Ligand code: BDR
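Before any questions on how it binds or moves, here is one chain, the form predicted on its own, in structure tokens.
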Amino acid sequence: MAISAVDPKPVLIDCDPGIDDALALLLAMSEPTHLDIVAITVVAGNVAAVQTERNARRLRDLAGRSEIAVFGGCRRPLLRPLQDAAHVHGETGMDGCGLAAPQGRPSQRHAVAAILSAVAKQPGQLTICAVGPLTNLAVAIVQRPDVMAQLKGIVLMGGAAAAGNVTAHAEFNFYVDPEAARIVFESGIPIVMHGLDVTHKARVDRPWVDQLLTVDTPVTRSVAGMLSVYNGGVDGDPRGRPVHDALAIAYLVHPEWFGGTDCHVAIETNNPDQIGRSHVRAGADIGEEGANAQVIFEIDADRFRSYLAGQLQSL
């Protein structure tokens, strides 16, 4: 049956919580009228996969969304050892959150199997929002390209047309598993890419946190606690801190706040000095290969920040 304009959009969120992932997941779970979260799958990235799975369930408990299934996924990148970002997010991945251990037990089903099942159940309708390394998606594409070709699309956070944040060239998610990112971008699946070029335009700062705390809830206190730790704390930079992954969720609900360009994106996997770099070409520079992604460069940052605060306060 076709989905009407008023029905929530079916979405699977693949993530590696992670403080910015935490904000993204909480934002998504605050939008049941717009987003039907069919599953949350997790991967190794910001911290090890066992911890990212625990963190996803802790956030599910915090949001009161126990009906959402969480599936643990790939525990290392395809070809490389994991290089995590515990120095940014803390050893737990969500230092400062103040949350208890998760309820229940981990699912015994692997994230890749869950992804393939979800796509097969809703061919042409399901969007995957991927905000961590793309290992789970790449494995699913390699295992069953016929099934993954039935995705409506992938909305992801990763990459950069300009400078990186791990190296001069590479953004973290693509740097951690460049081979996986390459598989995804060469898959032919429609992609919307939110890279550092746009996420650095929508930072949250101390006044934003203070405004968030005018509504005192377990969610707002937890978010404020995490942002006090995140990459040295929100007070550590007068510009504030980017909350990268939350932009991809906001795009699912309010794409009209964003501006993008059709581009060809190629992921560097060979040059050791530029591993994980996303080579972004637009316009006449695309050449015969054609566009394989819409790359987002613009955002109405004020509306995004107001929306993010309001939705977090509503949980």
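All values derive from a computational prediction rather than experimental measurement. Don't overthink the numbering: it's just position in the shown sequence, from 1.
What follows is about the form predicted together with ligand BDR, which we do not show.
In the model of the complex, ligand BDR lies farther than 4.5 Å from every heavy atom of Phe185.
Taking non-hydrogen atoms only, Val234 never approaches ligand BDR to within 4.5 angstroms in the model of the complex.
Interface membership of Leu134, defined by any non-hydrogen atom within 4.5 Å of ligand BDR in the model of the complex, is ruled out. Taking the partner from the other structure, ligand BDR in the model of the complex has a heavy atom within 4.5 Å of a heavy atom of Leu196. Residue heavy atoms within 4.5 Å of ligand BDR in the model of the complex occur in exactly one stretch of 121-129, 141-149, 237-245, 105-113, and that stretch is 237-245. Taking a 4.5 Å heavy atom cutoff to ligand BDR in the model of the complex, the contacting residues in 150-189 are Met157, Asn165, Glu171, Phe172, Asn173.
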